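Below you'll find only one chain, the form predicted alone, shown as structure tokens.
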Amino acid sequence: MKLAMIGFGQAGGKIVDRFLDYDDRTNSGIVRAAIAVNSAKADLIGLDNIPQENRVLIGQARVKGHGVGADNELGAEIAEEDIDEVQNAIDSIPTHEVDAFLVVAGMGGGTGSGGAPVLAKHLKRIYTIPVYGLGILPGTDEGGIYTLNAARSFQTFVREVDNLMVFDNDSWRQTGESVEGGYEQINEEIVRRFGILFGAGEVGDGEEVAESVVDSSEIINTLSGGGVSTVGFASEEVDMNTGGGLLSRFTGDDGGDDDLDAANTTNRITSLVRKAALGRLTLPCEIEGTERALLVLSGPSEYLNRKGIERGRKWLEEETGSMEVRGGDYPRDEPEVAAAILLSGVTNVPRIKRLQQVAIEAQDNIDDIQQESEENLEELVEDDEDELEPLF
């Protein structure tokens, strides 16, 4: 799948930058074009892989390149005002070679949280290809204002894109980890999961073609109903040499019967699919009631067992209750077999309900604090005995 990626704000820019690095490392060719948009000049300078001409600084007249300070209403306003500057960068993208736009943003800050929905709306008005969102939820420990921003941004973003894929920082932060180290790890996890999904079906010269091809139309159809999506992932290392070890653990290759090896591989793949679906999802949710799903098994082609993939797909159909579960393999010359599962149209998401509840409480608290602050200021400056004349 060929994507035009636009990172909006600090988190969005860093993730798109990391996708370009992943493309280089794996030769997957997912990113057809990459753009970073920000109101903070320093964040754009800090990127490594996005071309200089594709880094767009917005809001210079309002915030002078210093960012919007977690004010996502201001982020939305300057995105509206400077949308032509963003469009100038998008004009250089050969959209006839692109399957979809992917707008990536952290939903807790200001620029990306406010600007990403504005950009998505603009793109949908102009282009016929799908516009997807990848939104990053802040951790609950990051503070009330970020939670409030995320709830408001989520509500708007999900309406403006063809599908919103969500990654929840709360599920991935580790205790005792530095903030920077934590985000590095999270960004790598995002890129790895979505990289395998979007990379499926790409075949270079001399590379093997999948038995059951997953191409861009399969991904588009899975995401077509709109709503919210989450991704599950599980992998198991294999030894690329044929001498056994970890490889034999996966394939059952101990010199025994071929049928036994095939049965072992089938069971291993089914187990991997279960781990991916029932393990840590990018957005924790109940998978029952999922509207559509896509299963991609990647790894060295000799370990991608068609029967195992089909059995995993059927298991996923039963677990989700969905009649639209697609599946296929993605041969890769990597020392691991991995299962990536896209669950689209999920609705039983306690984290989103909780986010909205906390945001409502935060909004009430902010209103109360503002009211109290105004009263305190009035009390401070008033003088009952000698009323002073103001200067003007």
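The first residue of the sequence shown is number 1, and the count goes up from there. The shown structure was predicted, so the numbers you read here are calculated from the model rather than taken from an experiment.
Below, we refer to the form predicted in complex with a small molecule, which is not included among the displayed structures.
- In the model of the complex, the small molecule sits within 4.5 Å of a heavy atom belonging to A11.
- The small molecule is not drawn, but in the model of the complex it has a heavy atom within 4.5 Å of I15.
- Residue contact with the small molecule in the model of the complex: G108 places a heavy atom within 4.5 Å of it.
- In the model of the complex, the small molecule lies farther than 4.5 Å from every heavy atom of P130.
- Heavy atoms of no residue among A34, V56 and F101 are located within 4.5 Å of the small molecule in the model of the complex.
- Only one of E142, E302, E319, E81 comes within 4.5 Å of the small molecule in the model of the complex through a heavy atom, and that residue is E142.
- This chain is drawn without the small molecule; in the model of the complex, the residue among T222, T265, N169, T230 with a heavy atom within 4.5 Å of it is N169.
- Figure note: of the listed segments 111-119, 291-299, 230-238, 308-316, the one touching the small molecule in the model of the complex, with heavy atoms no more than 4.5 Å away, is 111-119.
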